[in-house]
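The data below hold one chain only, encoded as structure tokens and taken in the form predicted alone.
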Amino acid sequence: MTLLTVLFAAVIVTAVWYNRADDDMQIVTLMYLYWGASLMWFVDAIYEYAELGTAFFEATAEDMLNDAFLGLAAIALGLVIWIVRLLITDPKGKIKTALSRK
């Protein structure tokens, strides 16, 4: 469930990045974060399947809920990292303009 959640986010952000002519909001950073997380969860799923065998596919509702929350937390952390990067680099100069007015 974690893999699917982050994978959907990666696909959506990739589509947004592809449709934008200019990348002034640095969406490519968010895209790479989500694809990296997807790769990480895919490798985790392979190792977990190797360890558990067919029991890997018999998840309980509680396990699925925990995995969904973990996936949403990974998406939120990616968004926080992207926003902090935007605030630091200030691609449109809005923070610099707001601070220079005062």
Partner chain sequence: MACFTAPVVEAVVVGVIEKAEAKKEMQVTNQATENHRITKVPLSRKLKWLTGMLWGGSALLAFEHVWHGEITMWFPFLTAMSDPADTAEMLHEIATVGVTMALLITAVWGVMCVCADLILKRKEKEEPAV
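This is a predicted model, so every value here is computed, not measured. Positions refer to the first chain, counted from 1.
A second form of this protein, the form predicted together with the partner chain, is not displayed here; the remarks below concern that form.
The partner chain is not shown here, but in the predicted complex it comes within 4.5 Å of a heavy atom of Tyr47. Though the partner is left out of this view, Phe56 does not reach within 4.5 Å of the partner chain in the predicted complex, counting heavy atoms only.
Mapping the unseen interface onto this chain, Val43 counts among the residues with a heavy atom inside 4.5 Å of the partner chain in the predicted complex. In the predicted complex, the partner chain lies within 4.5 Å of some heavy atom of Asn66. The putative spot formed by Met25, Val84 and Gly93 is not touched by the partner chain in the predicted complex; no residue has a non-hydrogen atom within 4.5 angstroms of it. Of all the residues from 59-80, those having a non-hydrogen atom no more than 4.5 Å from the partner chain in the predicted complex are Asn66, Phe69, Leu70, Ala73, Ala74, Leu77, Gly78.
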